[in-house]
Ligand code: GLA
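So this first bit is one chain, no partners, the form predicted alone, shown in C-alpha cells.
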Amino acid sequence: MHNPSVFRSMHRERFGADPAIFVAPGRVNLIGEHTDYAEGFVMPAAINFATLAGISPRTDGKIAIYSENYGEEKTFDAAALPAKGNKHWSDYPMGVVSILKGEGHKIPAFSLSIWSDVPLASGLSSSAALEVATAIAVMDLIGATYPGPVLARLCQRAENEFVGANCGIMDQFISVNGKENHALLLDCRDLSYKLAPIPDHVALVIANTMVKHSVAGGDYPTRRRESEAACAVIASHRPGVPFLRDATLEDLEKWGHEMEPKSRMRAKHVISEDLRTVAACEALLKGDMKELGRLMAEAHRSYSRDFEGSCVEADAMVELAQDLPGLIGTRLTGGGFGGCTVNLVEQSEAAKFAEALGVRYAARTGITPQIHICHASGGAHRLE
C-alpha cells in the first residue's frame, strides 16, 4: 500500500494543511454473484488493496478534491453542491458528500486527497473503496458517526442515485465491515452477517484478465432485468416472492416454461448461487476446503453458462488454473464480462501458482495478466 507519510506530505504540499488519513479496502467476492440485488447472499473478503483519503478543513467555502491516480484536482462550492454526477471520477466522492448533505448534515469547506492501489475496472471494487474512504473522512470532519451497515447503505445510495450505477450493497458493506483473515457471509436482505475464518495456509490469488467491464452500461442492467422478469412470473403464482431470494428451484421447474428462455437461465443461476453461497460459508466454518473448491467450480459454471456473465478470457483463466499445484478453488469474481478470477491457493504454492497461471494465460490469449497474491484484510478505519 502507498506509504501514508508520503501521502501526508503530498496533501500538505498541495493544500498547506496536515490531513487526517483514512483507509478503505477493495474486495474480492469469494462466491455469490448477482445475488445481491435479489436480496440474496454474498461472501466477499476485504483485500489489502485500498484507497487512502486525506482530509483537512478550508476557510474559503470550497471543496477541493485531488486524485493522485488521475493527477487532477476538482473544485466545488460547498454551498452549492451538484445534484447529479457528470461521468467523472469526482462523482464518487461528491456523491457521498451529496448524500450526507441530504441526510441533514451541514457540509463545510475541505480539501480531500485520494490515492488508491485498487486496480480500476477490474471488479475489485475501486469505486466502493473510494466512497467509503471519503465517507469516513468527511464524517470525521463534521463529527458524525453511523453504524457500519448504515454507512454502507449511504455509500451505496451515492453510487445508485448520484453516479447512476445500479450496484447492490455488497461492495460498500465489506469495505466498511471486513475483518482480517475472514470472509463475510452477508444477507443482503437485512444486512445481518457472519464472519468465517480463512485458514492461514490459504492465499487469495487474484488474476486480472485485463479485459474491462463497466457496471453502469450494457450487459449488467440487461441481466438484472432478465432476473427480475423471471421473479415476476414466479410471484404471479406465489405472491410471497418479491425477489428471487424467496424462490426455489422447484418454482423454476413448475413455472419456468412461462418465462423467456434467457430469464429462466438467469433465475436458475441466482437461485442456485444463493444455496451455494450459504453452503460455502458452512464449508469455511468447518475448514472443508475441498467442498469450498467444489462449490466455487459449480458457481463459475453457473455464472458462465446460465448467467452468461463470463467471457472467453475469464473462462480461459479458470480453465488454465485447474491442474496447477496448490489450487483449492477458482471462479470469475465481480460484475462479470471480464475483470478478475479469484483463486484460493495453498500459501506454500501461491507464488509458483501465480507465475505459472500468468505464463499459461499469456500463451493462450496473447494478453499479459496482472496477478496479485492477497490476503483478507480489515475494514475501513482511520490511520493514526
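Here the structure is a predicted model, which is why all the values come from computation and not from measurement. For every residue, the number given is its place in the sequence shown, counted from 1.
Not pictured, yet referred to below: the form predicted together with alpha-D-galactopyranose.
Looking at I169, you'd find a heavy atom of it within 4.5 angstroms of alpha-D-galactopyranose in the predicted bound form. Remark: G334 counts among the residues lining alpha-D-galactopyranose in the predicted bound form, judged by a heavy atom distance of 4.5 Å or less. In the predicted bound form, alpha-D-galactopyranose sits within 4.5 Å of a heavy atom of Y220. In the predicted bound form, no heavy atom of F353 sits within 4.5 Å of alpha-D-galactopyranose.
Of the candidate stretches 342 to 350, 43 to 51, 30 to 38, 312 to 320, only 30 to 38 has residues with heavy atoms within 4.5 Å of alpha-D-galactopyranose in the predicted bound form.
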